[in-house]
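Below you will find one chain, with nothing else, as structure tokens; this is the form predicted alone, and questions on how it binds or moves follow later.
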Amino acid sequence: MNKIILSGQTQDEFEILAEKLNVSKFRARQIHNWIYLKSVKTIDEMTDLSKDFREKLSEIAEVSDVEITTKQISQDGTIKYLIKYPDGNCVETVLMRFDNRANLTACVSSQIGCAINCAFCATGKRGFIRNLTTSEIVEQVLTIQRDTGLRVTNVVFMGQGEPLLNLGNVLPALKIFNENFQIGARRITISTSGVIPQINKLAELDMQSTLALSLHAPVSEIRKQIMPIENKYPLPELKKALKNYIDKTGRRITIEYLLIKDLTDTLDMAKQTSIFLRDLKCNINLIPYNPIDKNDFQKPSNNSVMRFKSILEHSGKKVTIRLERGADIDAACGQLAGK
């Protein structure tokens, strides 16, 4: 008999389990707290449950069925995990810590591999293998918490895969992060390369989480070179979808922009980006390119990064430069490959 995996279950599902075992809903709440708030590794650690009940529960359930295949710790404290699921497939998830901040951010994956195949990203080189289930997404954060003993405070769907192509599992995972982990919705970010139908679908939902768009180039010709999705969902249509999202939700979006030397970091690209974003309610996050093995792109100079930032700031936008975390262990933006 396959055992019930407690990680990834909702409160309602815990209550169904409690009913099956002929115990009160209070027991369901206790199990819930042990899984999500105390991050136990085994049922035996649930010490406010009687020994008899723990034995009964262990006969039909277990906390988790995933294993950490590899764990790497960066010089800056970033931790990258290679997590193996029961079917043998692996995915990477990253815990990022920032100096002088209490925030602990989990960068989670939504798919094994990715169909988008951006030229600058290691994940796309694997191709698309399959979607992750809601439970498998949730397991990534639980794995981090169980391993470190720390509470994750922020979640970003910026790991492997295109989250909006697995929205049916990503949205329930987001709800679990919000309700079960008690992570505020505004501390959760969903990133997309620009899947227009799903952006329009999100616009209809009352979602308080942040939508982040990977723009990376303000003109179609350049964007097509690095993001094949531009062929299917071109910038003029994408901009309409973003405006629709902002109008319907009232939410500010985040624009992610990758700076590649002599390609997307030029003076002209900065001016064109400023024009493209002029009438969008957004913040801008600049990402200096992190090298991967399979292309000839290069990192931009500090001067070009600061010049780009300055030009965008003059247009009245809030602009930040993403801190590079975990590059020495291939855990930085675009480097996750499930190796």
Ligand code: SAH
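Quick caveat, the model's predicted, so the values are computed rather than measured. For every residue, the number given is its place in the sequence shown, counted from 1.
The same protein also has a form predicted together with the ligand, omitted here; what follows describes it.
Asks: If the criterion is a non-hydrogen atom within 4.5 angstroms, does every one of Leu202, Leu235 and Asn244 touch the ligand in the model of the complex?
Replies: Heavy-atom distance to the ligand in the model of the complex: none of the three under 4.5 Å.
Asks: So, Leu280 and the ligand: in the model of the complex, are they within 4.5 Å at any heavy atom pair?
Replies: No, no contact at 4.5 Å.
Asks: Could you tell me if Gly159 has a non-hydrogen atom within 4.5 Å of the ligand in the model of the complex?
Replies: Gly159: contacts the ligand in the model of the complex.
Asks: According to a 4.5 angstroms non-hydrogen atom cut-off, is Phe120 in contact with the ligand in the model of the complex?
Replies: Answer yes; at least one heavy atom of Phe120 falls within 4.5 Å of the ligand in the model of the complex.
Asks: Does at least one non-hydrogen atom of Asn154 fall within 4.5 angstroms of the ligand in the model of the complex?
Replies: Contact with the ligand, no.
Asks: Please tell me which of Val94, Leu258, Ile137, Val91 lies within 4.5 Å of the ligand in the model of the complex, judged by heavy atoms.
Replies: Contact check passes for Leu258.
Asks: Heavy atom within 4.5 Å of the ligand in the model of the complex: which of Val305, Ile292, Val66, Ile311?
Replies: Spelling it out, the residue with a heavy atom inside the cut-off is Ile292.
Asks: Work out which of the listed stretches, 187 to 195, 129 to 137, 235 to 243, 202 to 210, brings a heavy atom within 4.5 angstroms of the ligand in the model of the complex.
Replies: Selected stretch: 187 to 195.
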